[in-house]
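Alright, two takes on the same chain below, each alone as structure tokens: structure 1 and structure 2.
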Structure 1
Amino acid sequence: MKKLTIEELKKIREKAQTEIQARSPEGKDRIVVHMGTCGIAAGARETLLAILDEIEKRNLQNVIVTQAGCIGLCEYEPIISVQKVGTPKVLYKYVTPEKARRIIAQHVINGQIVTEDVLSTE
């Protein structure tokens, strides 16, 4: 087995620190996809995949996507929440994959809330 050099160890450390930083929610915009059984039945899985795909296509490094359960508003599923740093959280209703892509472009990137799909703001 080959011994690692100090330089190789430093590169491994830097790579690990970069990966840890990428997973940290500190200072990042946050998107939560509600994935209760009602959400999944209404298409939340496809919405989540569209969000992840759009973030990857646009190489958005400052956005973290998480999942949560049902929030008791099943009739509005799929529901996502978007919270940009320093702004109130916005809940969006009936979020199809197409709407999710629009929310990413308009709200997450340009900071303009997609008002016609808003369920509530906090």
Structure 2
Amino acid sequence: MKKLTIEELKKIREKAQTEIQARSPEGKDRIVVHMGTCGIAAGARETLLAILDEIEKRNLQNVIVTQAGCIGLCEYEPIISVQKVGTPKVLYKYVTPEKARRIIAQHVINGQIVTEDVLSTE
């Protein structure tokens, strides 16, 4: 490998920082996929994979994705929640992979809640 310059060091840092961002969840937007047994049966895994894929495609730096258990609303699964920093948490129902991609584009990136899919707001 050739010798680094200060600029190249900076580039490595920026790239490496995105790689470890999952370790500092503070101050980041959060998407939670509810993955109880019912959620998984209803397709929550596919939804989760679509979310991860979308985050990579759009190179989103400030979002973390976690999973949570069943919240007792099985008939609406797959359920995801989106909480942008400083705004209330929004629960979405029947989130197929396609809907998930749309929620990311509209809500996570542009801050506009996808009203027709909302289950509840906190």
Partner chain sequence: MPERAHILICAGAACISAGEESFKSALEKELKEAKIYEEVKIIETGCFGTCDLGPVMVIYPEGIFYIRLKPQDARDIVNEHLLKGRVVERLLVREPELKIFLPTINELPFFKNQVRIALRNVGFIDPLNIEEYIAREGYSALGKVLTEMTPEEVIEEVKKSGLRGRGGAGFPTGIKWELGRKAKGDEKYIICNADEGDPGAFMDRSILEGDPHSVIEGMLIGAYAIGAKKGFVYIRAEYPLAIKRLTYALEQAKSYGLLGENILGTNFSFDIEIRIGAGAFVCGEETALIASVEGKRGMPRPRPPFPVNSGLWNKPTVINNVETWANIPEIILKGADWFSSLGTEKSKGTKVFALAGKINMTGLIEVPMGITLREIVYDIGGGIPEGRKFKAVQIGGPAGGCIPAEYLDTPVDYESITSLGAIMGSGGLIVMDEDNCMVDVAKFFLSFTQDESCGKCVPCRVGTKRMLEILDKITKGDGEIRDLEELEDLANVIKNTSLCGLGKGAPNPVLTTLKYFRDEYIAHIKDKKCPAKSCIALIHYEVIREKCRKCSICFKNCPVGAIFKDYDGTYVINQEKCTKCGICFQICPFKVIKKE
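Think of the rigid core as the biggest set of C-alphas that the two forms share within 1.5 Å after superposition. Only a predicted model underlies this, so the values are computations on that prediction, with no experimental measurement involved. FYI, numbering is relative to structure 1, first residue = 1.
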{"item": "Form selected (criterion: the form predicted alone)", "value": "1"}
{"item": "Ala105 C-alpha moves between structure 1 and structure 2 by 2 Å or more, core aligned", "value": "no"}
{"item": "Cα displacement of Ala22 between structure 1 and structure 2, core-superposed (Å)", "value": "3.9"}
{"item": "Per-residue CA shift, Ile12 (Å; core superposed between structure 1 and structure 2)", "value": "10.7"}
